[in-house]
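Here's a solo chain for you in structure tokens, the form predicted alone.
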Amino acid sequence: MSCLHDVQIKKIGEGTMNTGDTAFILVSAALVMLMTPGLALFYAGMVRSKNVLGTIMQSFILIGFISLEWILWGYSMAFGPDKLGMIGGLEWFGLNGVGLEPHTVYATTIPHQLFMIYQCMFAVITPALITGAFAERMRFGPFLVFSLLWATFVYNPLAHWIWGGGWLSSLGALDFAGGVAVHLSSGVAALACALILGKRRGYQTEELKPHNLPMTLLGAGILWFGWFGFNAGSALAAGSLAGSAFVATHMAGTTGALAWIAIEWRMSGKATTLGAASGAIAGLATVTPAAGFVGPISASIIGLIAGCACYLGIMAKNKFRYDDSLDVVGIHGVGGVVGLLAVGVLASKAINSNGANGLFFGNPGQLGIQCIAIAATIVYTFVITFVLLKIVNKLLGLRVPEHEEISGLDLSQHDETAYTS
């Protein structure tokens, strides 16, 4: 009797289709998609009850809005044929030429369209991360326009630079799952948003407390769950590298939470549930660029550093007096920098032979390359985001009027309320 193989392999064109890898990335894409509703809950629990639906809507609507942008021109800009190392061409506009056979460069064992939709989920959640910076005060229509422009002119070029054959990847910069295009870019954009929109009414003079911390904890749990698809899925194959990235992701999330509540307990005398959730997200965000290049101990160290650094990053906003409502700068901006630097220090070819060694493994030059990637991302993202915000503000007006801010976004923007009493 002939034996059935656990993994069926079929040759299509020049690629080699692997059904195990295909199933793995299908599940991973679904996990990353789930992160955006998880983010909606994470953010919504931290705002006041009059803004909970408006906050959820800002994340939820981007699943549809950015997905449409992605299949029309976003994927082609990010991963299409390289143009001078800066951007992908529009040859794949509307998914022209993006078929069901594997691509010869991107994820050569799964359908090209599956790689496309997996990357789509990253494109969706990145502008959603930024919404935490201007929670409770941006008009819905201008928000959609800004998000579309930001995805087109910031996310797509950065994704091309680091993952699509652009100049950062040619330079040798390492970013396994989103330090450049996702976390650092959203953190820097969040700072620009907070500065241009200004502070919420009552900031530092009234209590602006979270209205539902159980909702935030549920959102954090969903995000943690989805992050396994985000990081392990970035191996793009169901193999040992995916397993290593999975373990690294989990360890950084755990040590991030522990470090955050330890320093919070020491500083304020209490360990809070919000601190535990924030620390876990800080650890997970910070390990994202490193997950496929470091082992469990290194990942745990990254999480510990992230918990402390991101906590201090959030405390810094009180000193500089900008209103980043839900701490996007402190978690994703600081975390993105720390994570990209950690790759330059802790990356090991013993973990990923397609990567590079970092400083601690005999290659100090990698740290310099990572610093270039950080600097380029910060400068490009801040400048372009600032310009886009100014344009949208001039043409449409970004901020809700004061009376609408007082009544809340739920009523003023959506004519709904989350609670009936």
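So that there is no doubt, residue numbering starts at 1 and follows the sequence shown. Note that this is a predicted model, so its numbers are computed, not measured.
There is another form of the same protein, the form predicted in complex with a further copy of the same chain; it is not shown, and what comes next is about it.
Novice: Taking a further copy of the same chain as it sits in the model of the complex, is residue 103 in contact with it (heavy atom to heavy atom, 4.5 Å or less)?
Specialist: The answer is no: residue 103 has no heavy atom within 4.5 Å of a further copy of the same chain.
Novice: Does at least one non-hydrogen atom of residue 148 fall within 4.5 angstroms of a further copy of the same chain in the model of the complex?
Specialist: Close contact is absent here: in the model of the complex, residue 148 is far from a further copy of the same chain, nothing within 4.5 Å, heavy atoms only.
Novice: I'd like to know if residue 37 sits close to a further copy of the same chain in the model of the complex, meaning any non-hydrogen atom pair within 4.5 angstroms.
Specialist: Yes, residue 37 lies within 4.5 Å of a further copy of the same chain in the model of the complex.
Novice: Look up in the model of the complex whether residue 213 has a non-hydrogen atom within 4.5 angstroms of a further copy of the same chain, and give yes or no.
Specialist: Close contact exists here: in the model of the complex, residue 213 approaches a further copy of the same chain to within 4.5 Å, heavy atoms only.
Novice: On the criterion of a non-hydrogen atom at 4.5 angstroms or closer, are 220, 258 and 274 all touching a further copy of the same chain in the model of the complex?
Specialist: Per the other structure, all of 220, 258 and 274 touch a further copy of the same chain.
Novice: Tell me which of 374-382, 389-397, 40-48, 361-369 has residues with heavy atoms within 4.5 angstroms of a further copy of the same chain in the model of the complex?
Specialist: Only one stretch qualifies here: 40-48.
Novice: In the model of the complex, which of the listed residues (167, 153, 322, 224) lies with a heavy atom within 4.5 Å of a further copy of the same chain?
Specialist: Contact with a further copy of the same chain in the model of the complex is made by 224 alone.
Novice: Let me know the one among 238, 133, 138, 337 whose heavy atoms come within 4.5 Å of a further copy of the same chain in the model of the complex, would you?
Specialist: That would be 238.
Novice: Taking only heavy atoms into account, state which residues of 286-315 are within 4.5 Å of a further copy of the same chain in the model of the complex, ordered by sequence.
Specialist: If the 4.5 Å heavy-atom criterion is applied to a further copy of the same chain in the model of the complex, 286-315 yields 296, 297, 300.
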